[in-house]
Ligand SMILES: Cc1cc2nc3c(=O)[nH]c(=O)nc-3n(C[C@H](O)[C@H](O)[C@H](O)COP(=O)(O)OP(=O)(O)OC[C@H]3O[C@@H](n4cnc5c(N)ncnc54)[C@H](O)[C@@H]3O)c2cc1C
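Below you will find one chain, with nothing else, as C-alpha cells; this is the form predicted on its own, and questions on how it binds or moves follow later.
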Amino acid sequence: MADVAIIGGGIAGLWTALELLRAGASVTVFDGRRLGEGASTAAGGMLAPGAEGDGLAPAVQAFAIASRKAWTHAAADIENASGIDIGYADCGSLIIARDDAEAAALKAQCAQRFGAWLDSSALASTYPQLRHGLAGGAFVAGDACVDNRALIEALSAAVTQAGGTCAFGLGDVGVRVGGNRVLGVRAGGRNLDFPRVLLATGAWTSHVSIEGGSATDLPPVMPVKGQMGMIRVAALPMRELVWLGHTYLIPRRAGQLVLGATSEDAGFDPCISEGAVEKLADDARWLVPSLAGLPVVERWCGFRPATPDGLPVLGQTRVDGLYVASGQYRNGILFGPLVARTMAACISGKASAIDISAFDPKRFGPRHEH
C-alpha cells in the first residue's frame, strides 16, 4: 500500500510528488501519456505576475506574487536535485505601448504595478532593436522566465532520484471510489490501492473516469486552447519578455524566440491554424524589424485549465482522500512551487503557509453538471 498516487505528470503533479517524497511519503505518479505530452511543455514558461497581474482576483494575485517569490529558491533547488539546467532567468518584462492611448493607460498603471515607465525617446534609446515611433513602454523588473520543457525533464528526474515512481504512457488512468472514499486508481488495466489520490490533470480534470463515483464529484474545469510558435534566430534580439497587445515574445536559449499565444474556446481541438500562428509572427516582425523574413519553424497548441469563476481548484474534493490541483489557467508554470507546497501540506493533513480557502474544489456544489 503506497501512500499517495498522483494522476498527471505535469508541473503540478511532479512538483507535488517531490514535496511529498521529501516529507517521507511514498509516491507514484501516473499519466496516460508520455512525459512531456501535456500542457506543461506547451506553455511559454513565463513567471510574470507583474505583466499579467491586471484583472486577477485578489486571492489569485496574492498567490501569484507569493509563488513568484518562491521561484527564486525553487529554480536552484530543482537544478541541484536533478542536475538539469532549467533556463531560469530574471529577465523582466517589457510592455509596449503602440500609440498614445495605450501609452496613457499603461503609464497610469505604472505607478501601481510596474517598475519604470519609458517614454518614446527613452524606449528608442534603450531598445534600438525595436521599431521606431513607438509611444513608450513599461519595464517590470520582477518578472522572470524558465524553459518549461527542461523543467518537466528536471522534475521527473528529481522525483525518480528522490525515490518516487513515474509510470507514463498507460492510456486511460482513472480513480476508484467506494462509499464516498477513494480506494485507489485503475492504471494499465490493473486496480491499484492508494488511500490518497491527487488529480493534477489540468484541462482534463473534469473528464477523469471515476469508477464507483460520478464526474459531478469533480470541480468543473474547461479547456482554453492556446496556439504558439517559435522563430529561430542567430542571436536573441533582447533578454526581456516582451508584450505587444495580446502577443508576447519569450527569449529562450539556443536562439529560440517563442511567440504566444491565442486564446480559443475550442474544446480539445488539436488542430494548428497556420494563419493564427503567423499573426503572432507578424506582430513580432513588426515590433522587431530584424526578424523580417524569418520563418516560424515550430507550431504547437496546448489547453489551459480554466474554471467558471477564474480561480484555481486546490484541495480535497467531496470524495474523502481525493484531491485536485487544477484550474491554474495561464499560470501553471508560475504557480508550480506554491501549488506543490500547499498541496503537499493539504494531503499530509498539515496547515498551509498560505490561505487557499478561496480555491476550495467543493465551492461549486456536489452536482454541478458540465
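If you're wondering where the values come from, they're calculated on a predicted model, not measured in any experiment. Numbering starts at 1 and follows the sequence shown.
What comes next is about the form predicted in complex with the ligand, which does not appear here.
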Heavy atoms within 4.5 Å of the ligand in the predicted complex: which of the stretches 340 to 348, 311 to 319, 60 to 68, 32 to 40 has them? 32 to 40
Only one of P289, G171, G245, P128 has a non-hydrogen atom within 4.5 angstroms of the ligand in the predicted complex; which is it? G171
Does M46 make contact with the ligand in the predicted complex, using a 4.5 Å heavy atom cut-off? yes
Given that the ligand is not shown alongside this chain, does V208 nevertheless sit within 4.5 Å of it in the predicted complex, heavy atom to heavy atom? yes
With the partner left out of view, is W204 within 4.5 angstroms of the ligand in the predicted complex by any non-hydrogen atom? yes
Is the gap between N331 and the ligand in the predicted complex 4.5 Å or less for some heavy atom pair? yes
Contact check for G92, I95 and A150 against the ligand in the predicted complex, heavy atom at 4.5 Å: no
Even though the chain is shown alone, can you say which residues of 280 to 308 have a heavy atom within 4.5 Å of the ligand in the predicted complex? G302, F303, R304, P305
